[in-house]
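In the form predicted on its own, a lone chain appears below as structure tokens.
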């Protein structure tokens, strides 16, 4: 099996690599399991993330691209004993398919959701752009990144680089705190791999509680400031 990160670049060359190898190709994988027969099953979003498909390749050789952040990090393994460099074909420079004019880093404003160990996400339930600070304050107290659900981004309360979900960043931090997030399927697909999920929502039927390890049915404007004060008091103490 050849696993590659699902990026714009790999989406171009991964299918061609699969054809060259005579392998099955599965794109944008979010999870993988073994079935009863020992075969691999991959899960991926389809129809603009409205449905999730289970894919079982018919061939034993597989090339798959994996959504960044879909799997949580584990303890680092020891370096392999044998490492060898694969050389490029001698004529690769003479047969370029495109010319790279330059590289420019994306202006994400210092937001690193896929690499964050802790994330506090503001949902529509925060109430408005002036109320996002309740989530930002808790994120600061936790040394966490600030995330946002799609409605928060669509309404312009936070920039798009903060968006968590299948149409934003797919994340799997050690701690994910969802404040006022209802939990659409697109959002759940983007964060359900988190190690510990804490959800605060006034609606006990909110879908976010289906994946939460700890659920608090209450007004986030009561819970979040109380947690922030507790964390700040412990830090100062």
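Since this is a predicted model, take the numbers as computed values, not measurements. Residue numbers count along the first chain shown, from 1. Rigid core here is just the name for the largest C-alpha set that superposes within 1.5 Å across the two forms.
In what follows, reference is made to the form predicted together with a small molecule, a form of this protein that is not presented.
- In the model of the complex, the small molecule lies farther than 4.5 Å from every heavy atom of residue 133.
- Contact between residue 201 and the small molecule in the model of the complex is found at the 4.5 Å heavy atom cutoff.
- The closest heavy atom approach of residue 173 to the small molecule in the model of the complex falls outside 4.5 Å.
- Contact between residue 21 and the small molecule in the model of the complex is not found at the 4.5 Å heavy atom cutoff.
- Interface residue among 192, 30, 65, 186, judged by heavy atoms within 4.5 Å of the small molecule in the model of the complex: 186.
- In this overlay on the rigid core, residue 11 has a C-alpha that sits 2 Å or more away from its partner position between the shown form and the other one.
- Relative to the displayed conformation, the Cα-Cα distance from residue 6 to residue 186 shrinks by 3 Å or more in the model of the complex.
- Three angstroms is the minimum change: in the model of the complex, the CA atoms of residue 154 and residue 8 sit closer than in this structure, by 3 Å or more.
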